[in-house]
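Coming up, as structure tokens: structure 1 and structure 2, two forms of one and the same protein chain.
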Structure 1
């Protein structure tokens, strides 16, 4: 049997944030979501989150998470250290037999493979505890692990409790442990607060358990703990580097990789070119042969093959193949473009479906609208969708053309192949094939002189 416990009760004082530390986002997912994801494949029998500081908020953020093994929340109040946190498991895990994997909620870069290896080593060696360590050039802040050449650990001493000599030890505790639960449960009540912080340290159990072993990680980046914004930024950089490397290996060209950011949910087809300063968030799915950027944000949107986006924002939108967006366009939630559309500069489209081959090239707002195929929206055309209380729909039939500076006051329907004269303000429906004009007649007085 395997139980996983994630320590997520701490406040994260050093973050200086209103948000509990484990809810800080990293490439679009919170720290605690990342930690949970890193052990999903191990198929634990129990998954327990130890919460305390803003417990409700942490619980709410994880509603629906956990998958096949539901999350159990255990409250630690007050938060008197990592040992005190794990003491809270004595009751919920009473009678449990097997391994307890303890993960710090602020160590988000761990790979599942690394945890699996730790578990494997623990099981095959029969140790009472096996913990993950790393050698760091700068071990400042981490607990130091004292071990012999065979990997047997005698003690962990926190940075602040170390002597000058002990601080020279560069082998650090990653905060990831695999315990034999029965043996840990027997020593947990013996923890004492005789340390610099006056807390109960989980790390002190290691000297009480025998044998205690450690496994050193190959890639020290994986065990980066996040205590402050500097470390948050460093971890973000590591994740971004991993994501970009992955997608370059999958056939994406990044002209200036370091200037672009991705999310876990970003997916690229083949031969996509990403120009400098592009950002992909949420589930951003980009088809084959797209050219994105420079200077674009694609958030939670799907782009078909061969789409070009230049200096534009695309958010919660769906864009079919061969469309061209921008420069300086904004596709807002619910924008759906069929194949081969063209959306040009200073155009905003929201909650609207645009038929194949249609063009909205200059200075327009299209909201709550349905455009057929091959519609040509003239420069400055506006769908006036809001009467101050409700939103209304505009429908424009296939092949229609609106003149420059048209205002279509919704609700309104234009049939197919309608022509709207420039400068018209239309408030009534127009049947197919008609010319609609809604503007003052031009008056010309010849040879007119000021009186």
Structure 2
């Protein structure tokens, strides 16, 4: 059996934030969500989050996050070191027999395959504890791990206690462990606070357990922890590089990769071209042959094949194939475009369905509306959907055309093949095939002079 414990009790003072450190966002997910996701494929039998600072807020943010293996929360109060945190598991894991994997809620870059390798090595070696290690070009400040060629650990020496010769060792302790729980539970009560910080260190249990083994991580970036905004930005850069590299290997063209950011939920089809300064958030799904940007944001939206988006924002929207959006358009939540639509400059669409082949090319607002196929919306057309209290719908039939600077005051329905004269304000339904005019008579006074 496997239990996973994530240490998530710290305050994160150096973040200088009202938000708990483990809830800081990183590429569209919180730090702790990333840690939990990294071990999801291991199918643990127990998942325990050790919380402390703003515990209730952390628990609320992770409601339902455990999936088929519900998250359990254990309070560490006060926070007195990593050893003290794991001591809080003695009661919840009483009678548990199996491995305990200990992860840190502020170390979000670990790959699932790295954790799986740690677990497999622990099981195959019969070790009491197996720790993750890394080699750093500059290991200053890290505890050094001394081990033989077979991976058996003989000692961990903190940096301040190392001799000059020992400091030449670049193998460091990453603070990620896999324990035989029964053996760990027996030694946890023996931890002492006789150190500079006056805390209980989980590291001290390694010297009490035998045999102790280690697994060296291939990519040292995986063990990067986050204590401040600088480290948060550095980890963001690592994740973005991973995501861009993955999709370029899958056939996506990034004209200027470093200027673009992605979320884990971004999915691209074949032959997609991403221009500079484009950003993808949430579950952004991009179809084959799309061209995105420059300067566009796609947030939690689905784009069909052959869509072009230029200098525009698409958020919580669905766009069918062969549509063109922009420049400077905004599709807000609930916008749905059928195939072959054109949405042009300074157009805003929200909570509306636009039929196939329809065009909204200039300076228009379409809200709470349904447009049929091949509708042509003239420049400056507005659906006045809000009466000050409630929102109302506008329906425009297939083949209809609105003239420039038209206002359709909802609720209103225009039939098929209606023509709306330029400058009209309509407040009543219009039958199919009609011409609708709703503007004041033009008045011209010749030889006019200002008073």
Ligand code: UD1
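Note that this is a predicted model, so its numbers are computed, not measured. Positions refer to the first chain, counted from 1. For the two forms, the rigid core is made up of the largest set of C-alpha atoms that agree within 1.5 Å on superposition.
Engineer: The form predicted together with the ligand: 1 or 2?
Structural biologist: Comparing the pair, one sees that structure 1 is the form predicted together with the ligand and the remaining one is not.
Engineer: Is residue 196 one of the residues whose C-alpha moves 2 Å or more between structures 1 and 2 after the core fit?
Structural biologist: Yes, the C-alpha position differs by at least 2 Å between structures 1 and 2.
Engineer: After a core superposition, would you say residue 240 shifts its C-alpha by at least 2 Å between structures 1 and 2?
Structural biologist: Where the cores coincide, residue 240 shows only a C-alpha shift between structures 1 and 2 that is less than 2 Å.
Engineer: Core superposed first: is there a CA shift of 2 Å or greater at residue 139 between structures 1 and 2?
Structural biologist: Yes; that C-alpha moves by at least 2 Å between structures 1 and 2.
Engineer: State the core-superposed CA shift for residue 446 between structures 1 and 2, in Å to one decimal.
Structural biologist: On core superposition, this C-alpha lies 6.6 Å from its counterpart.
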